[in-house]
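Take a look at this single chain, the form predicted on its own, given in structure tokens.
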């Protein structure tokens, strides 16, 4: 069924905990319901602004949203195929991402265990190409099922055609506003393929005495919980900024000035290097500081937090201040990862 909620508070629908409203929130449980609603009332989308609201974990509202937000509450995991080589699962767009990882690890399947404890939904995992600890969603996404807004036709887009990149996909560019993701198909494996080369994962896994997807999930969850705030306690959207990818020559010049600056290779782009935005923010002394009711988390400089009652405008003001200071000191432009509405 479709539920329509007018003039609704969005405080419970965004992990920043910003207290604002939307003119209309449309929640759908099945594709058939969504299609029927769009067929009969779809002109609502063209008369005012509209947007997709995923899990609300990567969205910052800067004021009342005068339009329609479409939100999937469809949940479910279906095994499409299971062979000795791979397991294909189909996940409804509204299913909580971490529940998908838990389901996979409980069954001893490999592929997404490094993406544990990321607040997101399955649909948003494809839009954002979520990533952590050396793994990205694109590594396991086989295909994405969509509804085309203009024709109300259903389609499937192969993972290789989704233009996945660092926190990037086709759903943020040429298909933005043209499709609604209804489900995502992931490719998992029975074959052990641990990726432990990032941060302190190997050390944490060793403490557990076994090398399984569940052990890696437990280790990563422990690491993340030790340095990232719980949105239920302190409003935040995880990493607020992306890490810049710059020409190798520019990064090498920066390394001469700042030898301890962390840098990372970029898959498929040997001419570039990625640098750590959190390190730069930390060097500026912002970790643990605040501007009014918005602040920088005291354990992770990439994370901006709502210290209590902050508005979206206050968070944006803090972000703009940080961006300006990073540009002034390092000559590098940084950009929000968060979708600002």
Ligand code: EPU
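All values derive from a computational prediction rather than experimental measurement. Positions refer to the first chain, counted from 1.
We do not show the form predicted together with the named molecule, though everything after this point is about it.
Checking 140, 215, 228, 266 against the named molecule in the predicted complex, a heavy atom within 4.5 Å turns up for just one residue: 228. Residue-level contacts in the predicted complex: of 282, 33, 313, 41, one residue has a heavy atom within 4.5 Å of the named molecule, and it is 282.
Not one of 75, 81 and 144 places a heavy atom within 4.5 Å of the named molecule in the predicted complex. Comment: 238-246 is the region of 238-246, 100-108, 205-213, 187-195 lying near the named molecule in the predicted complex, near meaning a non-hydrogen atom within 4.5 Å.
Under a 4.5 angstroms non-hydrogen atom cutoff, the named molecule in the predicted complex has residue 224 among its neighbouring residues. The closest non-hydrogen atom of residue 90 lies beyond 4.5 Å of the named molecule in the predicted complex. Residue contact with the named molecule in the predicted complex: residue 307 places no heavy atom within 4.5 Å of it. Heavy atoms of residue 294 never reach within 4.5 Å of the named molecule in the predicted complex, leaving it off the interface. Of the residues in 301-328, those that come within 4.5 Å of the named molecule in the predicted complex through at least one heavy atom are, in sequence order, 301, 302.
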